[in-house]
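Only one chain comes next, encoded as C-alpha cells, the form predicted alone.
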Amino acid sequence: MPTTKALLTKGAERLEAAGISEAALNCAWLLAHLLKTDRLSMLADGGALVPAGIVADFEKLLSRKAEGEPLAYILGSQPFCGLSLKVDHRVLVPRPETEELVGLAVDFILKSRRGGAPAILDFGAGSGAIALALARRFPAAAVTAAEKSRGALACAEENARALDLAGRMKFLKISSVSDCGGPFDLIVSNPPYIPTGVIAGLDKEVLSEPRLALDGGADGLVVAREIIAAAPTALKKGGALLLELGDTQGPLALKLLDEKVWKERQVIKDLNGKQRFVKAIKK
C-alpha cells in the first residue's frame, strides 16, 4: 500500500501536468476528504498507509480535478461565513469576496438600527450563501432568496433545510427585483458580472460553473443595471442596496445611481484593494 505522502506527490504531479493551479493543495483536500480526516493531521502523518480502495477513489477524484471541475463540486460543499454549504453544478461556488459583502450587509443593519427584524432580499441567491449567512446572523430577519434558476433555488432551499433556517425564509423563482415584493430594508446581490466576450477565455474551473451565474452581458453590467433600476421602488426609505461586481466595475455602476434617488453612494474596496462593492442608501 502507498503512503499518503507518496500518493500526494504523485497526484500533485498529475494535476500540475494538467495545468491545475495549487495542485498540491487540491490533492491534500481530496485525499483528506476520502480518508475522513482533517488535512493538516493527514499531512503530519505522511507515512500512513492508504488502502487500495481509497487509492482507486483518489484516482477518480484526481481525474475529475484534472478536467477542471471545481474542488467544491468534488467535495460537495464549501465553507462560507462559518456555514458549510452544499454546492454542485447548479450553483456558483461562493467566493471569499462575497463573505466581505455579507460583512458590509451586517454592518449596515447594525448601524442603521434595523437589527430588530430587518426585511432582506438576496437577489440572485445561488446556493443561498448570502441569504443564509444573514438569516443566521439575524434570527428575527425576514429573508427572501430570489433566483432566476430553478436548480439554484432548489439548492438554496436544500441548504436552508440542512441549516434549519428554511422555516423563516422565503424562496422565489423570479427574474426581477420588482417582482419580489417588499419593501425591504436591504437588497444585496452578487449578480453575474463577467462580460460575455471574456467568458470563453476563463479558467476551465470557472467555465464548469453555471453560465447564467457568470454572464453579465456585453459590458458585464446588464443585470446590475436591472437591479439598480428596480431597487428604489423595492426599498424602504433609508434602505440600502449592496452589490458585488467585477474589480473594475464599481465606479461604472456608481454612475448609474441617480443622486436624486440615492444618498451615500460609494464604491468600497475589497481586502485586496479592488473597487468591488457598491453601496447606496435610498433617500
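Predicted, not measured: the structure shown is a model, and the values here were computed from it. One-based numbering along the sequence shown.
Unshown form predicted in complex with a small molecule; subsequent notes refer to it.
With the partner removed from view, which of 86-94, 174-182, 197-205, 158-166 is the stretch that lies within 4.5 Å of the small molecule in the model of the complex, judged by heavy atom distances? This holds for exactly one stretch, 86-94.
Let me test this: is every residue among G216, L221 and G250 within 4.5 Å of the small molecule in the model of the complex, going by heavy atom positions? No, the candidate spot makes no contact with the small molecule.
Pick from A133, A125, I187, V143: which has a non-hydrogen atom within 4.5 Å of the small molecule in the model of the complex? Here the answer is residue option A125.
Residue-level question: is Q78 within 4.5 Å of the small molecule in the model of the complex, judged on heavy atoms? Close contact is absent here: in the model of the complex, Q78 is far from the small molecule, nothing within 4.5 Å, heavy atoms only.
Quick one: is P118 in contact with the small molecule in the model of the complex, heavy atoms, 4.5 Å cut-off? Judged by the heavy-atom cut-off of 4.5 Å, P118 is well away from the small molecule in the model of the complex.
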